[in-house]
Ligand SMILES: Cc1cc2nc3c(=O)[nH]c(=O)nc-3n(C[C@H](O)[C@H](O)[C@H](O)COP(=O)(O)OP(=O)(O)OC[C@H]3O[C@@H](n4cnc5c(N)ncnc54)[C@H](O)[C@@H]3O)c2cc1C
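Before any questions on binding or motion, here is one chain by itself as structure tokens, the form predicted on its own.
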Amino acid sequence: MWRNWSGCESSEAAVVAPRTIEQLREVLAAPDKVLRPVGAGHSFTPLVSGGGRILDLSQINTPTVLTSAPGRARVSANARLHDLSAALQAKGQGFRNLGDINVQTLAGAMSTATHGTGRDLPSIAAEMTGARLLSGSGELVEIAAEDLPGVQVGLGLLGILLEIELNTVPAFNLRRRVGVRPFEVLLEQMHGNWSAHRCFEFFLLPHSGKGVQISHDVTEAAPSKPPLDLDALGLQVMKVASALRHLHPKAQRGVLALMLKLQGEEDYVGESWRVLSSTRAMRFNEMEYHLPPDVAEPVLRDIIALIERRHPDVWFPIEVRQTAGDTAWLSPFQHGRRVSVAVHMHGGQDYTGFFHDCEAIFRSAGGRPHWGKLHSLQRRDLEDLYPDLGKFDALRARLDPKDRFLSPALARMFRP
């Protein structure tokens, strides 16, 4: 049985792993089975499950980097981000920006509009300048410029991405600074910090009154010794502190206060891709909505109040980032910057009630969901949020006329 990374999605569909494009065509030629491609399985939504077969593309032997020139590279769509980052670094190039996690495939990250943080830095999908895919009819298609905004964020509905051309930048080093700040300081200074730093984000720690801010700025300094990775240890302490709340509410706050007192200021320089992204050891489930920047502060105050009032068992940090706008038809960042607010619950906890209440707050503020993270949107919701949905429908009808990639869950959103 296939399961996603967090375990919230599963499927008993057969997993097929073609080794060549011809074998992939043979899989496509088999009738009456909906096919869903799988990458790292890091999406929490049913993007892989629900079909008749799951396509594992990891066995197709394609060089990680096919061609490269200053500012541009053509790469294997199904290479993992950490492998691509290392291969580009070896050529003196790099991604402009990356998200928190480095194990996804490039195709998966782009297809779901995965993003990092930075007021003037777009999502990874916006860096796509060209692509080759195998359509639902088994044709190799080089994507035309006018169709690119549909393919940049395509959710695996348009075909099997094989090669992607993308913007790159000269390899660079980043200085990361990490520090603990009170809630009020983080909220009051967030927009100023996004203007002051290349990358800025913060994590609000429920029941502590504080959070952790992280900034990244370009530096000519040489890489320094990497600090100890205390993220996993910190999450374990927060989990234990939450359990202690059942003995006495003050116990949780006391443990969190001690943990944050021991958290020192971090100052570290490294190659950009090593500083920006890592793996995640602790399993969790996540909902993330992208909001107009001017509503971020009231939404964050509402979420914190919601945890204190109705969901005291929530202890996972709330992550807050900002991403520049782009032009992809299904991008949640289309036509303007958005502040992204991500709520999480530990993999062993029931997240349904908390996420349901959070989603009501996000939706009332005009939020658009991350495609790979939990949400409940249906077709009528997408029609209100995505003005170019009709263009995407027309492109999907042309590239996948027999709905080979349209699972029942996706049909509820993408069948006109």
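When you see a residue number, it is the position in the sequence shown, counting from 1. Quick caveat: nothing in here was measured; it's all calculated off a predicted structure.
The same protein also has a form predicted in complex with this ligand, omitted here; what follows describes it.
Peer 1: Could you tell me which one of Leu57, Ile361, Val34, Leu382 places a heavy atom within 4.5 Å of this ligand in the model of the complex?
Peer 2: Result of the distance check: Leu57.
Peer 1: Looking at Val141, Leu155, Met190, Leu235, which has any heavy atom no more than 4.5 Å from this ligand in the model of the complex?
Peer 2: Looking at the other structure, the residue within range turns out to be Leu155.
Peer 1: At 4.5 angstroms, heavy atoms only, are Trp5, Val38 and Phe284 all close to this ligand in the model of the complex?
Peer 2: Every residue of the candidate spot has a heavy atom within 4.5 Å of this ligand in the model of the complex.
Peer 1: Does at least one non-hydrogen atom of Arg53 fall within 4.5 angstroms of this ligand in the model of the complex?
Peer 2: Taking the distances in the model of the complex, the answer for Arg53 is no, it never comes within 4.5 Å of this ligand.
Peer 1: Looking in the model of the complex, any heavy atom of Ala113 within 4.5 Å of this ligand?
Peer 2: Although this ligand is absent here, Ala113 would touch it in the model of the complex, with heavy atoms inside 4.5 Å.
Peer 1: With a 4.5 Å heavy atom cut-off, would you call Arg368 a contact of this ligand in the model of the complex?
Peer 2: No.
Peer 1: Flag Arg321 as yes or no: does it have a non-hydrogen atom within 4.5 angstroms of any non-hydrogen atom of this ligand in the model of the complex?
Peer 2: Judged by the heavy-atom cut-off of 4.5 Å, Arg321 is in contact with this ligand in the model of the complex.
Peer 1: Of these, 204-212, 97-105, 217-225, 302-310, which stretch puts a heavy atom within 4.5 angstroms of this ligand in the model of the complex?
Peer 2: Only one stretch passes the 4.5 Å heavy-atom test: 97-105.
Peer 1: What are the residues of 146-167, in order along the chain, with a heavy atom within 4.5 Å of this ligand in the model of the complex?
Peer 2: Leu155, Gly156, Gly159, Ile160, Leu161 sit within 4.5 Å of the partner.
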